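The chain below stands alone and is given in structure tokens; this is the form predicted on its own.
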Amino acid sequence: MRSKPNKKEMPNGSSKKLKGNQWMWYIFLLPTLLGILCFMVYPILESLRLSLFHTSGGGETWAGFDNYKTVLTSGEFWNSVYNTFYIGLFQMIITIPLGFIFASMINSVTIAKNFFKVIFFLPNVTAIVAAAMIFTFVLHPDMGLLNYFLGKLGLPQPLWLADPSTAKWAIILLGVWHWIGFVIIICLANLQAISPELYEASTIDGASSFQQWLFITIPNMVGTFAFLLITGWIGALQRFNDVYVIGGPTGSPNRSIQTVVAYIYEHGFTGFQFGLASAATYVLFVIILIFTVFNLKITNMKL
């Protein structure tokens, strides 16, 4: 077997050519590196600096940790944290099990499998802003389609987005509709990766389809559930676009759907309290970091 020549064995001309090719790759990477420095590293460091100053875009005065104290003692901030976790928790409790059941049903059919994949995945490729506007119409208490059908069935017709007690569930409903296609596709990909030999062996042993699903399928999907749980929480903690379209920066009605990112937007871009908004951003970063590490621990998932 022919061994790979090392640099000492290479002729001088080949060695110089190899070094020249390496520098050429660094030149190709330079635009990407500059983009990362300008649009990722600099905003992160500038936001950290702003969090230590009182500023409204003009002059700046040193504030130290005052902005962080203001954020951490603000009732509005903790209300937005509660809303964010409430909406995210119930959205995942509904979407992940429901998406897994739908994926199992699609995986078991032999015809029109691709049709069902497309139908369920369509909401996920719809722009969330457009979906929020459509849901504003669907959930309208008087003219909305949902209340129309509930009325036909003789069921109560909630005010949905006009009532703080039902507004959160309207947002959860929108999140489930938009995210379930992604959950189904991820579950389907992993369902098809389970070895058929496991099912064949259990069939010989006399296991029913439900027993196979319970004792073979679900245990082999634990890693997928952990992935969906972690990515779902990260997305839920950064939720903004749809709640802004439906409830504005204050999360109307009565701040019932204001998320943490909407709180940051309210103070940063409508109140011009850039220092306070930057401090809230770093508090959110710490919350996401702690929660992600906690999720990794309980799911035994490795990065």
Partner chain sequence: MAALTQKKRFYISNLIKFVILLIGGFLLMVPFIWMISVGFSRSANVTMPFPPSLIPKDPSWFNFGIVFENGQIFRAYLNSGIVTFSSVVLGVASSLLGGYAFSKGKFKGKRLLFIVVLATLMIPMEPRLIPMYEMFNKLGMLNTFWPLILPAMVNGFGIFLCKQYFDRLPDSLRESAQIDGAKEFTIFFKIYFPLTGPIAATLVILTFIWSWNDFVWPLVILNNQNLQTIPLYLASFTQENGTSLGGLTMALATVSVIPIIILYLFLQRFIIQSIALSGLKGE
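Just so we're on the same page, rigid core means the largest C-alpha set that superposes within 1.5 Å between forms. Positions refer to the first chain, counted from 1. Worth saying up front: this structure is predicted, and the values here are computed from it rather than measured.
The next section is about a form of this same protein that is not shown, the form predicted together with the partner chain.
- No member of the trio Y68, I172 and L229 reaches the partner chain in the predicted bound form with any non-hydrogen atom inside 4.5 Å.
- None of S165, S74, Q212, S108 but one reaches within 4.5 angstroms of the partner chain in the predicted bound form through a heavy atom, and that residue is S108.
- Put simply, Q258 is far from the partner chain in the predicted bound form: not one heavy atom of it is within 4.5 Å.
- Mapping the unseen interface onto this chain, V138 counts among the residues with a heavy atom inside 4.5 Å of the partner chain in the predicted bound form.
- In the predicted bound form, the partner chain sits within 4.5 Å of a heavy atom of P31.
- A residue is said to contact a partner when one of its heavy atoms sits within 4.5 Å of a partner heavy atom; M143 meets this definition for the partner chain in the predicted bound form.
- Residues of 25 to 46 lying near the partner chain in the predicted bound form, listed in sequence order, are W25, Y26, I27, F28, L29, P31, T32, L33, G35, I36, C38, F39, M40, Y42, P43, I44, E46, the criterion being any heavy atom within 4.5 Å.
- Comparing the forms between this form and the one not shown on their rigid core, the Cα displacement of L29 reaches 2 Å or more.
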